[in-house]
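Next up is one chain by itself, shown in structure tokens, the form predicted alone.
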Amino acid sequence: MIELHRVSKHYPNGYLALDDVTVCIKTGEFIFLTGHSGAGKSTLLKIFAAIEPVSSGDIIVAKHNLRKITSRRVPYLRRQIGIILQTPNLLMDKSVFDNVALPLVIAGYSYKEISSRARAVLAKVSLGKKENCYPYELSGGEQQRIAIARAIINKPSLLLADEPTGNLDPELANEIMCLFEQFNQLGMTIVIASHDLDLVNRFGHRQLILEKGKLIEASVTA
């Protein structure tokens, strides 16, 4: 699913965000990216999603060589990827249904298909009865569930999440992580950046540990 060979990322100001990272993430794996703030977790996720280019090295994501991919092929790649941020970035003047349906509207799907798929993913994240509500009427945990539903409505093979539970209390954070577990059990490859080691260790998946841009360990915790 994802292969990196000696990948580095320099920003124009000279900051070295990633330093000679080599790793392989297999299809269907559940991976945690851990490390201190500024270790390179967010940069790595942006590189996976073709939001940021690498400075050197080779990277393959979903059979696409990102060093060679054309700008015309990037949208096709991103349709295979769901992205969830710590802040949901919802449209507060749009209903829950409209927020979730947006990717399909942009892609030009029929209303019948949009309606069917939006309601299906809302049911999956236990928001089926809230489709006519507005995000500002809902709790932080429910807003994050909207963002998750929006990220998976395209049925991506790869789901990337950057600190998706960072603003949630421990109980809600655990519920959200259990949702990711369910998606993974259906075959979705999951990569989550998190600094919450207690939560990460509780789920026992492989960890890619970053320190000052270097991958220092790839381990599984029990």
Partner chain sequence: MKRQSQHNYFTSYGVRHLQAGLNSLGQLSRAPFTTLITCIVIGVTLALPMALFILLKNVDVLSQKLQQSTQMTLYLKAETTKAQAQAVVQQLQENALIKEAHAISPDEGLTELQHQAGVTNMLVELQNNPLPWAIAIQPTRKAQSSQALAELGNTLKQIPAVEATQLDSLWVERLCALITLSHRLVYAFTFFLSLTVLLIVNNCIRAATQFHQKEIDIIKLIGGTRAFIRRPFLYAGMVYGILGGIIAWQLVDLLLLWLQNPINHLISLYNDTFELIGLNVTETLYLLLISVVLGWIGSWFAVTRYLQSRRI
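Residue numbers count along the first chain shown, from 1. Note that the coordinates shown come from a computational prediction; the quantities given were computed from them, not determined experimentally. Here, rigid core means the biggest group of C-alpha atoms that superpose within 1.5 Å across both forms.
One more form of this protein exists, namely the form predicted together with its partner chain; it is left out here, but the text below deals with it.
Interface residue remark: Gly166 is not counted as part of the site for its partner chain in the predicted complex, having no heavy atom within 4.5 Å. Although the partner is absent here, Arg145 lies well away from its partner chain in the predicted complex, with no heavy atom inside 4.5 Å. Of the heavy atoms in Tyr134, none are within 4.5 Å of its partner chain in the predicted complex. For the chain shown alone, Gly38 is not a contact residue for its partner chain in the predicted complex, no non-hydrogen atom being within 4.5 angstroms.
For the marked spot (Pro75, Leu91 and Arg150), a heavy atom within 4.5 Å of its partner chain in the predicted complex is present in each of the three residues. Proximity to its partner chain in the predicted complex, defined as a heavy atom within 4.5 Å, singles out one entry of Ile69, Leu197, Ile51, Ala62, which is Ile51. Taking its partner chain as it sits in the predicted complex, the stretch 162-182 never comes within 4.5 angstroms of it through any non-hydrogen atom. After superposition on the rigid core, the Cα atom of Ala107 is displaced by 2 Å or more between this form and the one not shown.
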